[in-house]
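Here's a solo chain for you in structure tokens, the form predicted on its own.
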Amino acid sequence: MSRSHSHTFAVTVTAITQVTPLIKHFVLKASDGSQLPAFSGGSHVIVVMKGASRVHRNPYSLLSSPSDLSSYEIAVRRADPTRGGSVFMHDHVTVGMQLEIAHPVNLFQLDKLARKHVLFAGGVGITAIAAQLEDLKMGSVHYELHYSVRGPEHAAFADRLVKRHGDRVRIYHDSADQRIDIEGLVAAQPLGTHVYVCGPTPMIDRVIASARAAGWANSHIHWEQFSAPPVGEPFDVFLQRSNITLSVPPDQSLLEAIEDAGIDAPYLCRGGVCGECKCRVLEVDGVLVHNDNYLSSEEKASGALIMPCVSRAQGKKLVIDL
């Protein structure tokens, strides 16, 4: 498979569908006609979008079947307010356009030893769950999905899910005052069940709290919660080992500024989850604004670490060990 540089390969957009008022579905095929790299349910890819003035690199879950490597499917929710990545995908990407993507990474894997899988999804969080369902369908283990959306018009891929998985799928509409009984469902599961959740933060927190309250081991509780880098105040950063000073504008992440300077910084998720981009803070004139879901409360309070993919400084200057 041909690659445009060492970390990505070229894909061509072969289909685009507006599946809800805010979500577009994209089908991607390898530009050289080869099969795409293998992946498992829960995987994501980084999509590289080269705009006129800047490059966006956003993570998107793969929602197609891992058994079909002729194409990848992703879905992109238009964010408002936005830093530009989702708007680029919605407004500028067309059928036939070539994009670059990184190889799939899975930070949200199914536990193959589980006796049963119970999955919860909210809104666009279904994209992280869809391929997991395909993996489970190919096996013999019991599974069920509880999928909450604002209303029928926001139920992305609902018909497809029901067609593929039948009564294992239950869909709840907020507009009809339908609510998932998370506490009751979690408490009623047999021993050996694993729970998975992706969606809004309150849903994730509620599933985790319910499982822990019911006595579940942490190893049986799985969630995915990527954070988008928020807009913030501009600041300067000095890269100690590289001996470079950079200015980070309000709508750019620290990681993006580092990359724009030609520094090959490590990353896997770009969403504050995996810890791969973690950097030591050597000095800060101001405060650190932590937006990740990786560092502990103690680590954040120490001021000694930062996740440059989503976190930033509020002050005049930051010095990091990079």
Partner chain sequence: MSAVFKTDETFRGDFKYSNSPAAIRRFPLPFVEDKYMYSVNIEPHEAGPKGSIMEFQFDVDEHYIGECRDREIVLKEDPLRYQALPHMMSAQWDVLELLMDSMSRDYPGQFSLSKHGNRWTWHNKLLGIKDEFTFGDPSTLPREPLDYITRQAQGDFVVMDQRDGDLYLEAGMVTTPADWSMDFDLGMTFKEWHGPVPLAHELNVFDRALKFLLNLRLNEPVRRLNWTMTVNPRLDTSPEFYPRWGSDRATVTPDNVADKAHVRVELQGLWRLPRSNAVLFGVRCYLISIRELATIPKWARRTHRALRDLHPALVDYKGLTRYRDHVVNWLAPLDDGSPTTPGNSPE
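Remember, predicted model here, so these are calculated numbers, not experimental data. Positions refer to the first chain, counted from 1.
Heads up, the form predicted in complex with the partner chain isn't pictured, but that's what we're talking about next.
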query	finding
Among the candidates Cys279, Leu268, Val284, Leu295, the residue which, in the predicted bound form, approaches the partner chain to within 4.5 Å (heavy atoms)	Leu268
Residue among Asp236, Asp111, Glu153, Glu233 with a heavy atom within 4.5 Å of the partner chain in the predicted bound form	Asp111
Contact label in the predicted bound form: Pro104 to the partner chain, heavy atom within 4.5 Å	yes
Residue contact check: Cys274 to the partner chain in the predicted bound form, 4.5 Å heavy atom	yes
Partner contact for Ser175 in the predicted bound form: the partner chain, 4.5 angstroms, heavy atom	no
is_contact(Leu69, the partner chain) in the predicted bound form, heavy atom dist at most 4.5 Å	yes
Heavy atom contact within 4.5 Å of the partner chain in the predicted bound form, the stretch among 248 to 256, 196 to 204, 112 to 120, 155 to 163	112 to 120
Those residues of 9 to 42 which, in the predicted bound form, come within 4.5 Å of the partner chain by heavy atom	Ala38, Phe39, Ser40
